[in-house]
Ligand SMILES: Cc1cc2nc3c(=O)[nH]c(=O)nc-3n(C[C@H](O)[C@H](O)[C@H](O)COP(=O)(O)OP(=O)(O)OC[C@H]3O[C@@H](n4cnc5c(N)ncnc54)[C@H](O)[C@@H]3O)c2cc1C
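Next up: a single chain in structure tokens, the form predicted on its own.
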Amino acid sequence: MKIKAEVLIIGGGATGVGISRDLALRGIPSVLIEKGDFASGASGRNHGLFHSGGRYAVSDPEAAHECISENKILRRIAPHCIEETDGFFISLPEEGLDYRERFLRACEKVGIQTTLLSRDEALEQEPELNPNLLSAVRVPDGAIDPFALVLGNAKDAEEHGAKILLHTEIISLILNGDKVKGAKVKDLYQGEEYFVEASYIINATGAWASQTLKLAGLPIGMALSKGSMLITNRRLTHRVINRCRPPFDGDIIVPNHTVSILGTTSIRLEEVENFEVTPHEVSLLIQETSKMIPAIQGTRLIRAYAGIRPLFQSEEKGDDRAISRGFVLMDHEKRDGIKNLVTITGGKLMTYRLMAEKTSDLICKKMGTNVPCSTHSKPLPGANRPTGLTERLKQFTTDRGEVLCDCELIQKEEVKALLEKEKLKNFQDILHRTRLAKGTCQGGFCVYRLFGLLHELRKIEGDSNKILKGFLEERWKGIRPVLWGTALKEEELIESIYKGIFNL
């Protein structure tokens, strides 16, 4: 089999699908390949922070300006993916107020709106805060659902003519003189190998950018920084809570649906695969975040996870936090003499749309066409849908049917509609498209109900026991690092259910 495309995009994270959508809206067809499901890399393994840019205002003003600019755009085009919580940067006695003054000046320079709150004002709005705090600065932070964002971009791209091939791995890039003729790829389910011929190739593989370029014999300076995060069993605050100091480990708490996410670390890795959260990181994150929210010390943790930040560096730096969070767009014609190859890397989830716009602008320039970007003004599919936990609860109480997931209020009928509409190849693909297994029981009480529905609809392929075991093994990786106290008791209960009822 052979597929011919105008543009081949490698990578199905936020940037890849953002480029696919941007090009599609300009009338330029593309084929996107992704070796897993959407958001399998950093796009699905972050702390869900809807950045104001405040975190980088002092140390990286360019990245901060990009964040606040995209913050305003995403509020317009993707309100259904965002919870507008606002955020506090709190000053604790051990830091004093020197950094706060630098922070306020830096925010003003890059256009981040701030409001200074006294200790009492901050505690009135967020009672769980450390009562010894000195003050707080309010910024327009929030929470974002990265899966909904990525899926919305992918849906709009396909509706405008893009072709997306999931679970399809790139094997090699075929060079022909000063151009890449195309790529040899493999369908990981069918085992079939085929060729995708393209006029232009875009490498949007994030932390895998260096591996992809090696297929063309090209080097790139990348630093792989692991960020580990913890999920609590309840929502600790309404707002995002940041520590008002230079970025460091354990200085941010993000409310996300019914839970809170504690983050993050920054640890240099040499390999992009097979990483895990260590006990030391768990202890460090609890120790540091509990200085902002003391109740964390006694809160049950339900999962630990980590993502890899793809940081581009032109020179070696000792501290990964010193590397800019801005993005880099590489035209390999200027850099390496390969005329039709482009790499986009670095950046953040917040700047995915801007990264896609700049990449698409470059492709248009190479094509000799001048079609303007429209992604800054055209809303994503579903933008008119009611948002937020309160709205979901209202809908749930007025139209209550059989429930699959009690933690996230997921009803059987909505999952059934999804399964009947989409051809999903993988069990994890279903979980990515719902909030099943993302709540406080981490799938312990809802996944077997989902299997019942899959059998009812005859949608299960292969040995369902094997698939269920695979899910439980993957889930165990995130639970093991936080297994003590009440978390241990719950895990013993869930283990007895799967052993006693399902004979696993």
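All residue numbers refer to positions in the sequence shown, first residue = 1. Predicted model, so just to flag it, every value in this text is computed and none were measured.
Keep in mind that the form predicted together with this ligand is missing from the display, and what follows is about it.
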{"item": "Contact assignment for this ligand in the predicted complex, among 363, 410, 170, 328, heavy atom within 4.5 Å", "value": "170"}
{"item": "Listed residue that, although this ligand is not shown, lies within 4.5 Å of it in the predicted complex (heavy atoms), from 222, 301, 229, 404", "value": "229"}
{"item": "Proximity to this ligand in the predicted complex (heavy atom, within 4.5 Å), stretch among 128-136, 425-433, 207-215, 364-372", "value": "207-215"}
{"item": "Check all three, 42, 48 and 346, heavy atom within 4.5 Å of this ligand in the predicted complex", "value": "yes"}
{"item": "Contact label in the predicted complex: residue 20 to this ligand, heavy atom within 4.5 Å", "value": "no"}
{"item": "Proximity of residue 307 to this ligand in the predicted complex, heavy atoms at 4.5 Å", "value": "yes"}
{"item": "Contact flag, residue 350 vs this ligand in the predicted complex, heavy atom cut 4.5 Å", "value": "yes"}
{"item": "Any non-hydrogen atom of residue 64 within 4.5 angstroms of this ligand in the predicted complex", "value": "no"}
